[in-house]
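Quick heads-up: it's one chain on its own, the form predicted on its own, in structure tokens.
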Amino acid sequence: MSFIKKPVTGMRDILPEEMELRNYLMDTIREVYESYGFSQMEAPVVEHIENLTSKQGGDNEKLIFRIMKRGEKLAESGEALKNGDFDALTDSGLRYDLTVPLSRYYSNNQAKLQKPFKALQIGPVFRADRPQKGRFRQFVQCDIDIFGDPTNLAEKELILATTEALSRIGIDKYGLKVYINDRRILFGMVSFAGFPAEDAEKILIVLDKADKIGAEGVDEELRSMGYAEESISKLRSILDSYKGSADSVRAMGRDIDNEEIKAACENVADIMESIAAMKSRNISLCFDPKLVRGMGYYTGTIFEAKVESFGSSVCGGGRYDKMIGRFTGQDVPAVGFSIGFERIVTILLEGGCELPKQKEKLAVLMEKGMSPEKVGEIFELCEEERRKGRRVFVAWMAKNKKFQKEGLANEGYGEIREFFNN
């Protein structure tokens, strides 16, 4: 049987030119986040299947790459397979995001970690999704999370750090806008509009489709589910009346007149006003009452960053104060913001992104058959150039030297030195 040279569907090979851009972006993002006091850590890409299927990950739990049990444990599961229990064959899976594994990591190591703990994590995640432009089955996420701070100072820092990172890599020139909401506001809206409280999650799932199916599509789907026209109209009125400014959020809190909703609205307004007070930054932060975020683990503030010209979100996050309690029995305040790295790369590549000046590149071509002594002398020369900060590529001369030199020039090697036997 011959080997297959193409990557597995949904995966891809990354060529050196793009890899250079990716490394630059990761280094820049990491540098910004570390300047805000975030510490880089790492958790395994393989996670316990119980953690991944805990009903916290929304639709992503349908996209898990499961890992089969091995050896005797797999053999012992044979009877379960006969009964159609395929779940019994697996005991772990590849992580579909960084938040669930990070929560396990914090639960396991919190005694050794600073309080509050400001985590920085950059790594691959995996989803058995349908591949399409800008979406793959293996992709990179860049997350920052804060554990142990119950105040909205954590949200403010996440927004500041993430928008600065995106600005530093040049994304803001494409029209970057951050949208904010609160899960408590969402549940309050649904209840205030007269929908059954037990149906709130179903209604929010429909509302989450607003960007794809539009306002009319949302209303029509709610009608098809049998809800009263009065409730649908009232929800639509709320969504259309309160959006944009901090004053609008506070007005919603007054009009709904529920203490929990008032507190949530005040929390969002306070975040917006603190960010707006930054004279040195111009961050576009808007209240969006239809912002849902599909993850089941969110408990409070939620936010997304969108690039207007790209038409979809490039970052997302929120507060998940109940997650750690599922591991330890004791809740710990937690909030995070995640950059969708692949979408960022796609935007920059399509926009003709140019990297800042990199190290000067020198290519050294040697004629074949050169003596060891001569090769050693050339190596010494290359070492000296590297100590000066240059990037040095060494190779034998090809038969088609013109083609070889053209290729090196295309890769940014501005100087090419040739060494011959005589």
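All residue numbers refer to positions in the sequence shown, first residue = 1. A quick note: this is a predicted structure, and the numbers were derived from the prediction, not measured. Here the rigid core means the biggest group of C-alpha atoms that line up within 1.5 Å when the two forms are laid on top of each other.
Beyond what is shown, the protein has a form predicted together with a further copy of the same chain; the following relates to that form.
> Which one, 202-210, 234-242, 332-340, 146-154, holds residues whose non-hydrogen atoms are within 4.5 Å of a further copy of the same chain in the model of the complex?
Replying inline: Heavy-atom contact with the partner occurs in 146-154.
> Is residue 116 a contact residue for a further copy of the same chain in the model of the complex, using a 4.5 Å heavy atom cut-off?
Replying inline: Yes, residue 116 sits close enough to a further copy of the same chain in the model of the complex that at least one of its heavy atoms falls within 4.5 Å.
>> Even though the partner isn't displayed, in the model of the complex is residue 112 close enough to a further copy of the same chain, meaning a heavy atom within 4.5 Å?
In response: Judged by the heavy-atom cut-off of 4.5 Å, residue 112 is in contact with a further copy of the same chain in the model of the complex.
> Can residue 126 be called a contact residue for a further copy of the same chain in the model of the complex at 4.5 Å between heavy atoms?
Replying inline: Although a further copy of the same chain is absent here, residue 126 would touch it in the model of the complex, with heavy atoms inside 4.5 Å.
> Quick one: does residue 225 come within 4.5 Å of a further copy of the same chain in the model of the complex, counting heavy atoms only?
Replying inline: Result no; residue 225 lies far from a further copy of the same chain in the model of the complex.
>> Going by heavy atom distances of 4.5 angstroms or less, which of 184, 137, 177, 262 would be at the interface with a further copy of the same chain in the model of the complex?
In response: Selected option: 137.
> Only one of 167, 141, 90, 248 has a non-hydrogen atom within 4.5 angstroms of a further copy of the same chain in the model of the complex; which is it?
Replying inline: The option sitting close enough to the partner is 90.
> Using a 4.5 Å cut-off on heavy atoms, which residues of 320-336 contact a further copy of the same chain in the model of the complex?
Replying inline: Counting only heavy atoms within 4.5 Å of a further copy of the same chain in the model of the complex, the contacting residues of 320-336 are 323, 326, 327, 328.
>> Checking residue 35 here: with the core superposed, does its CA move 2 Å or more between the shown form and the other one?
In response: No, its C-alpha moves less than 2 Å.
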